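What follows is a single chain, given as C-alpha cells, in the form predicted on its own.
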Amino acid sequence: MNSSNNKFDCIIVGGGLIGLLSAYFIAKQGRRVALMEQSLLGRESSWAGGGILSPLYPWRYPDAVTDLVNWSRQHWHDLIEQLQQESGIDPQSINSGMLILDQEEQAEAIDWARRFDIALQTVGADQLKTLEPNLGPSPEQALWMPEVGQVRNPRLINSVHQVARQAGVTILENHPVDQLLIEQGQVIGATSRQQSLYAPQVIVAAGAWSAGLLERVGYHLAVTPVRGQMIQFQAAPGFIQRITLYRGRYIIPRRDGRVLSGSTTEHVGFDKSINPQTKDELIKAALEIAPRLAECEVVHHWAGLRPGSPEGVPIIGELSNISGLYINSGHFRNGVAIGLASCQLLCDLVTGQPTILNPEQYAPH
C-alpha cells in the first residue's frame, strides 16, 4: 500500500464481531475506515461462542449490561434481515427461547424481569416437557424466557464481513498491530509488520488481546483471556428445540440439528488447547439436561478465548489522556448479546452523534 492509500478517518484494531460491526457502522456514516486483524476475521471468541442473544442467568449482571442487552434485543431482528439481504448470507437466527432449570434464584430472576420488562415466566413440569420433550428428569418448576433468540456465529461473522466490504471498509487480515502511534497526546495511526496506517481515530477492539496493545501506551485495561471449551453433537433437525441452561452448562439447538453444549470458564492465559477430561465433563452435563443426546455423535470439540472484564461490563469510549484513541472491548461471554448496542454506542461517540445509551457507565477510567 503506497502512501496515498494509507490514510483513513478511522482505524479498527481487531476483526471479530465487535471490530467488524464497529467498522461497518462507522463506514455507513461516510467515514473512510480500515480494519487490521492479527489472523483471520472472527476466528477467536466470535467464532467459538454459542450465539445466544442473552446472557446466561442475566439477572446476575449489572444494569449496564442489561441496558446493552435490551437495546440489542430490540434491534437484532432488523439488522439480521438487513445483513441477509445485503450479503446473501443467512446468519440463521432462531427464536429458540431459553429454559433455565435451576431453581435457586427464581425470585431474583422474576424481580429482575419485572424491573426491566423482560418476558420471563415460571412453568411447571408438564409445560416444561411440552416445550422440550427430550429433557431428562425435570424440576417441578423452571424459568422460561420465550423471546431469547440465537444466531450461528460463523455465518453472522461472514455476513458482517461481506457488508463491511460493501460499505467500503479496507480489511487487512494477518496484520497484527505491534504499535499504536501517538504524538503529543493524539493518536495518529497504527503499525503492523507490513505497513503503517494513519488516522486521527483508532479503535482497539481486539478482544482478549486488547490489554496487551494498550499497555504499550500506558493504559491498563482490565481485560484478560478466559478460555471456554465447547462440544457439538450431530442430531436430526428438531431433536432439541430450546436453549436449555442448568448448573452453568447449556445446550443450544441449531437449525440443521446440530446441538452445541458448553461451556467452561478457565483462566489459563492465552492457551486455547482442549483436553479429553473437559470433553467428558461437557458430555456428562449435556446428557444430564437431555439424556437422549447419548444417541448422537460428538462431532466437534473446540475452545475460544473470551475477553473477560470485571462484572462483564465492556469498556467503550475514548481514553481521557490520548485524544482519538477508543476502546470497545471486554464483552466477556456476551459479545453477540450486547455487541450490537456496544458498537452502535461506539459509532455514536466516534461520529459525534447523540448516544443510544449513557456512555458514562462504560467509559475508560
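Everything numeric in this text was worked out from a predicted model, so none of it was measured. The first residue of the sequence shown is number 1, and the count goes up from there.
Another form, the form predicted in complex with a small molecule, is not on view; read the next lines as being about it.
Visitor: Check for me: heavy atom within 4.5 Å of the small molecule in the predicted complex, for each of Gly14, Pro176 and Gly228, yes or no.
Guide: Yes: each residue has a heavy atom within 4.5 Å of the partner.
Visitor: Contact with the small molecule in the predicted complex for Tyr61, defined as at least one heavy atom pair within 4.5 Å: yes or no?
Guide: Outside the cut-off, so no.
Visitor: Do Gly207 and the small molecule share at least one heavy atom pair within 4.5 Å in the predicted complex?
Guide: Close contact exists here: in the predicted complex, Gly207 approaches the small molecule to within 4.5 Å, heavy atoms only.
Visitor: Ser159 near the small molecule in the predicted complex, any heavy atom under 4.5 Å?
Guide: Although the small molecule is absent here, Ser159 would stay clear of it in the predicted complex, with no heavy atoms inside 4.5 Å.
Visitor: Please check if Ile18 has a heavy atom lying within 4.5 Å of any heavy atom of the small molecule in the predicted complex.
Guide: Yes.
Visitor: Mind telling me which stretch in 74 to 82, 135 to 143, 90 to 98, 168 to 176 gets its heavy atoms within 4.5 Å of the small molecule in the predicted complex?
Guide: Careful reading of the contacts points to 168 to 176.
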